[in-house]
Structure formats: C-alpha cells, structure tokens
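Next up: a single chain in structure tokens, the form predicted on its own.
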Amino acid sequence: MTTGLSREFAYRDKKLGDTEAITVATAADVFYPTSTTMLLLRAARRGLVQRPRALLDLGCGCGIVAIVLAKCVEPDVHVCASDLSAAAVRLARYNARRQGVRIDCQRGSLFEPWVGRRFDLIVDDVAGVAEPLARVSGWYPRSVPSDAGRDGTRWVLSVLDAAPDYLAPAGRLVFPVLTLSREAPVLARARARFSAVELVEEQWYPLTEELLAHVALVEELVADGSIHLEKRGTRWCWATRIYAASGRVRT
C-alpha cells in the first residue's frame, strides 16, 4: 500500500535512551501522531511487565504505538491494534510490514474486534478533545471523525467502562486526559472502575495559533467547564496528562 501516503513520522524518545528513530508513513486521511502519542508511548514502555503475553493499541491510527511496542517485546508476544478507520488499519498494516513486525490489526469501534480477549497492556489513544475544538485544531483531518462530545469525554468514558473486561488480572490501561476536555468525570469514572489510578506523565503546551484564532469558542468552553486552561507567563496553556489504571473494582 503506497497510494495516498504523505509525510513520514519519526519516533525517538531520548529520555528512554533511544539512539535511532522508528519511521512510519502517514496519510492525509489518517490521524497524525502528536505529542500525546509520544507521552503515551513513554508511559507504555515504562509500564511494560517483564513478560507480557498480549498488548493492544486502541485507536491505532498509523500504527506507531503498536509498532514501537512490538519492537520492545519478544517476538512471541501477541501485539494487537485497532481503529474505526479502514484507512488507518490499512496504513498500520503497511507500516508494520515495512518495520518487519507482526501486528494483528483489525477494524472496529473501541473493543469490538477483541471480544473474549485479554491483554496485559492496553494503550488508549481514541479521540479525547472537546469536539468544537477538535474540528478547528488542525489535528483531525476532515475525513477523520472525532465525535467525542462537547466536553471530549464520550470515548474515554466508554473505554474506562469496558477495559476491565479486556485486561488480564495484572493488566494495565494507559490513557490520556487532555485539559482540552472535562477531566473530572473521566478521573471519577477511572477510580470507580479501577483500584489504582496513577498520573505517570504530564506536559503543558501553549494554545496553538489555530485555537487562538477561535478565542471566543475557547472562552465559551472554559466558561461552561468543558475545558480547563491555565495562564503561564503571558500565554494560556493546556495539558496532556497520562494515567495508568490497574486492579478492577469489584461491584
């Protein structure tokens, strides 16, 4: 598969000692990796158990998370990935072949392709930005749906509800919460489903030019609590926070 490919994305995390980059193709109709992807991968790599049996990249896009994890584990580990987008699944499979790793990549919404499966690690990278901002941010190609709701919590809440049924007994879910969404209900749901929820990575960023061009919308979302910003110096900033959850709460 080469039709429609655009620029490449090179992943390397110097904080984890990487000396060479892993490069994947991207496409105009597939979500491009962001700094959130980088933080998710750092948290996932640090949280890998010594001998995992199965890993899942949920909302895989171009496949970079699954590919990097596949290179960090033994060849017999079952690395899986899925996305709602058929274009993303095709691209992830292409990138996996290009990188010489085996990934079971399937199309479907959230956990649909994995009924009855259990994973030692699930990395959640589904849409999680307040929908009005997602559409003007420049992060989502026109053909890539977000549909995360006005406060950006729709999909991550669904993941948190379902994830305990797809984790091995000692498994971990790694998921992001952007302050460009309503963080409090996400953390409340996580703590209702898991006995341990730990903040493992955090990074702050200034509002981009694309978002500043829609300042009235930003202010409206701040006012109704859909997003949270902080003034840092002279600039308004938002954060990505990565959490690791484990230990199912029995009800």
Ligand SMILES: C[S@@+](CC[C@H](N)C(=O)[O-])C[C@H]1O[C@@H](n2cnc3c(N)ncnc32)[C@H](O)[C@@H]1O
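Throughout, we count residues from 1 along the sequence that is shown. This structure is a prediction, so every number in the text was calculated from the model and none was measured.
Not on display, but discussed next: the form predicted in complex with the named molecule.
Note that among 25-33, 182-190, 198-206, 46-54, the stretch whose heavy atoms approach the named molecule to within 4.5 Å in the predicted bound form is 25-33. If you check the named molecule in the predicted bound form, you find a heavy atom from every one of 37, 108 and 155 within 4.5 Å.
The shortest heavy atom separation between residue 60 and the named molecule in the predicted bound form is within 4.5 Å. Contact check for residue 96: every heavy atom lies farther than 4.5 Å from the named molecule in the predicted bound form. Remark: residue 141 does not count among the residues lining the named molecule in the predicted bound form, judged by a heavy atom distance of 4.5 Å or less. In the predicted bound form, at least one heavy atom of residue 145 sits within 4.5 Å of a heavy atom of the named molecule.
Of all the residues from 59-91, those having a non-hydrogen atom no more than 4.5 Å from the named molecule in the predicted bound form are 59, 60, 61, 64, 65, 83, 84, 85.
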